[in-house]
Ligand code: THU
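Given as structure tokens, the chain that follows is alone and in the form predicted on its own.
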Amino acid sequence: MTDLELMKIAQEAREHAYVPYSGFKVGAALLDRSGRVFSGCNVENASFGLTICAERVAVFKAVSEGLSQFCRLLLTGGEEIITPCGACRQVLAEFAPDLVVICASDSGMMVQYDLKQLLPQSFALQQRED
């Protein structure tokens, strides 16, 4: 699947965002190694700590369907380039420490990162087992 196809899926997901407090819609498209794509949007809550980001929605959808081997994530927040928050970076690292993260704007600008660049010292399963 191309990054442009992932972008379209993320943009469509962003349209479903529930953002009555910030008004800032975010969409994500997460590609599994098997080729399946899981989309997500941010969902806000009046109790702000219960708000969930688009990336985690996509990860949790995939895991709930038995998949957890991810290779690419495309994230879009509209006209500006955004990156995953710290909580999302850690959740992504739990399942895909070698994930490629593409941060895209609606104008087509894309910046690509390795998740390890965004979160170089994640909590990892092997660290917890030591």
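In this text, residue numbers run from 1 along the sequence as written. Remember, predicted model here, so these are calculated numbers, not experimental data.
Another form exists, predicted together with tetrahydrodeoxyuridine (THU); not displayed. Remarks below refer to it.
- Of the residues given (Ser22, Gln117, Ser107, Gln121), Ser22 alone sits with a heavy atom within 4.5 Å of tetrahydrodeoxyuridine (THU) in the model of the complex.
- Of the candidates Ala62, Val101, Val26, Ala96, Val26 is the one whose heavy atoms come within 4.5 Å of tetrahydrodeoxyuridine (THU) in the model of the complex; the others do not.
- Though the partner is left out of this view, Ser39 does not reach within 4.5 Å of tetrahydrodeoxyuridine (THU) in the model of the complex, counting heavy atoms only.
- Taking the partner from the other structure, tetrahydrodeoxyuridine (THU) in the model of the complex has no heavy atom within 4.5 Å of any heavy atom of Cys71.
- Remark: Leu30 does not count among the residues lining tetrahydrodeoxyuridine (THU) in the model of the complex, judged by a heavy atom distance of 4.5 Å or less.
- In the model of the complex, at least one heavy atom of Thr83 sits within 4.5 Å of a heavy atom of tetrahydrodeoxyuridine (THU).
- Contact annotation for 36-58: residues with any non-hydrogen atom within 4.5 angstroms of tetrahydrodeoxyuridine (THU) in the model of the complex are Asn42, Glu44, Thr51, Cys53, Ala54, Glu55, listed in sequence order.
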